[in-house]
Every structure is written in structure tokens, then in C-alpha cells.
Ligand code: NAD
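Single chain ahead, written as C-alpha cells, the form predicted alone.
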Amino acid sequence: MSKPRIINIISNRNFESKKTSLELNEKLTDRGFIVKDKYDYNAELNICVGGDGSFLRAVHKNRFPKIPFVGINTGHLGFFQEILPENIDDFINKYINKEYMVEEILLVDAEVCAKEKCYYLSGVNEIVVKGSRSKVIHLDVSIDGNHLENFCGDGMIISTPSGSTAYNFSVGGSIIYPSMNTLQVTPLAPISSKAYRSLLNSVVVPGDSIIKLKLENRYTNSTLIVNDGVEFKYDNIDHINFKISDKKIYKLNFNKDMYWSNLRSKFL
């Protein structure tokens, strides 16, 4: 007997998303696929219906699965969600005929070290360090043990290439092509004056670098860590190390020029 072809459909609760998911379920079932009611780690594909927020939640909720993703966009921007609902039939045909490429998406890891223990986070787009309740924060920033700056401002974004078009882009960071093995350090409202000298622009670092943010003592209990939009609060933080994760996620690409088309249509 042939192996059952299982597909996960992951949808948000938006009316348009639920409608699209029902249509998708029927069409996939008609073509011989099995769509389970609950997430199945034996599936061959994850189809995420919604916007980029839905995609990020699906990745985190299911613990960064190795099963590749593809997105159907019923949201607004939809940078990860490249298929429109009206193109579902074309998508299914191309998938069955294997007319696609599988892309790796790099993740960022953070090791948040408090006085008594360390905590570990992984992000798809970015991990942000900022002052709680809109406080200014002071950070000692170093790359591979080399002191870079004593930062003062609202915070710092550490973004992946895929995340370079998200929060990073909105605060003036550079756009990095997704396949490049880099991380980007982008300041949030840096203060550069006679009292404080902070870099005003982002810094792109090689993928094997370790980025370290050390907090001044007075900020150890007034710092927020924001991972792909979700806030985490830890007491007595001493420092945070960032690096490219050993984990990866995977996404289907049906058009090698889709990235540039997306960039043009979303931002210009």
C-alpha cells in the first residue's frame, strides 16, 4: 500500500480564512490527500491560511517543525503567505506535479542569562530587547567579544534575513535577501549626543557571529524580550547572547522571482 499523503491545514479564526480552509480541505480530499482535524507530525506539508501573524504562530505553536510550510494569504501584508485564495487550484496542481523549490528559513536563538539560570528562545523574524513601560535602556553591545558600543535608546532588534522586511524594515533597517547567512543588529530610537554615543544605523554581521547585549545593573528588572511579537519578562537579566539557530524551518516556493515581486508589490 502507498503511504497516506497527509496535509495539515492551519488557519486563524478570521471568517475569510475559515472559508478558504473549508474550500481547500474539500479540494485536497478530492485529489486523494488526507486532512486531519488536529496537527499531525507525520504530514508532508503544512498549509497556513491567514496572514504573516498566523504563519509565525503556527511555527511557534508546533515547535519549529521540519515539515515544510506554504501560506495562503487572507491577511494584509502576507510576506510569508504567497498564494492568493483564488489560485488554490493552480497551487494544488503545481504541488502534485512537484513544480516548486524548498527554501530554508534561518532562525535566531537568544540565550537570556539571569543571575541564577539561562532561558532559551528561538525566533523566525526577530527578537527584540527593549525597556519595559517605554523606559530608555542602556546596553553594552559586543560582536564575537569585540566591544561595539554603549547603546542608549529604546532598544535593539536582532533580526534574521527573513525578518529584515518586518519590524527591522519599519525602523530603517536594511533588507537582506532570505538565503544570506547573516543577522542584523538594528537600534530603536538611539540617542547620540555628547553624553551618549550610539550607532544610528543597523549593523549586518556574519552568520557565525555571537552578538552579546549586556545590561547595566539598573535595567536588569526593567527589560522586555519580544520574540516574534510575543513578550517575555525575566528578572535579574545580566546579558543576552544571540546567534543563528541550529534549527531551521522550510517553505515552498513556486516562483524563483517571487521574493522580488513580493518586495515590489508590498512596499512600492
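From 1 onward, residues are counted along the sequence shown. What you see is a predicted model; the values in this text were computed from it and never measured.
Keep in mind the form predicted in complex with the named molecule is missing from the figure; the text below concerns it.
Novice: Verify the flagged residues V136, D154 and T223 against the named molecule in the model of the complex: is each one within 4.5 Å by a non-hydrogen atom?
Specialist: No: none of V136, D154 and T223 comes within 4.5 Å of the named molecule in the model of the complex.
Novice: Okay, which stretch from 239-247, 195-203, 210-218, 223-231 lines the named molecule in the model of the complex, with non-hydrogen atoms inside 4.5 Å?
Specialist: Checking each option against the 4.5 Å cut-off leaves 223-231.
Novice: May I ask you to state whether F79 is within 4.5 Å of the named molecule in the model of the complex, using heavy atom distances?
Specialist: Result yes; F79 sits at the interface with the named molecule in the model of the complex.
Novice: With the partner left out here, check for me: in the model of the complex, does some heavy atom of A43 sit within 4.5 Å of the named molecule?
Specialist: Although the named molecule is absent here, A43 would stay clear of it in the model of the complex, with no heavy atoms inside 4.5 Å.
Novice: Can any non-hydrogen atom of R264 be found within 4.5 angstroms of the named molecule in the model of the complex?
Specialist: It does not: once the named molecule is placed as it appears in the model of the complex, R264 has no heavy atom within 4.5 Å of it.
Novice: Would you please decide whether A58 lies within 4.5 angstroms of the named molecule in the model of the complex, comparing each non-hydrogen atom pair?
Specialist: No, A58 stays farther than 4.5 Å from the named molecule in the model of the complex.
Novice: Name the residue from N97, S132, S170, S179 that puts a heavy atom within 4.5 Å of the named molecule in the model of the complex.
Specialist: So the residue touching the named molecule in the model of the complex, by this definition, is S170.
Novice: Looking at V185, V112, A166, I83 here, can you tell me which has any non-hydrogen atom within 4.5 angstroms of the named molecule in the model of the complex?
Specialist: After the contact test, the surviving option is A166.
Novice: Taking the named molecule as it sits in the model of the complex, which residues of 117-133 have a non-hydrogen atom within 4.5 Å of it? Please list them.
Specialist: Going through 117-133 in order - heavy atoms within 4.5 Å of the named molecule in the model of the complex - the hits are N125, E126.
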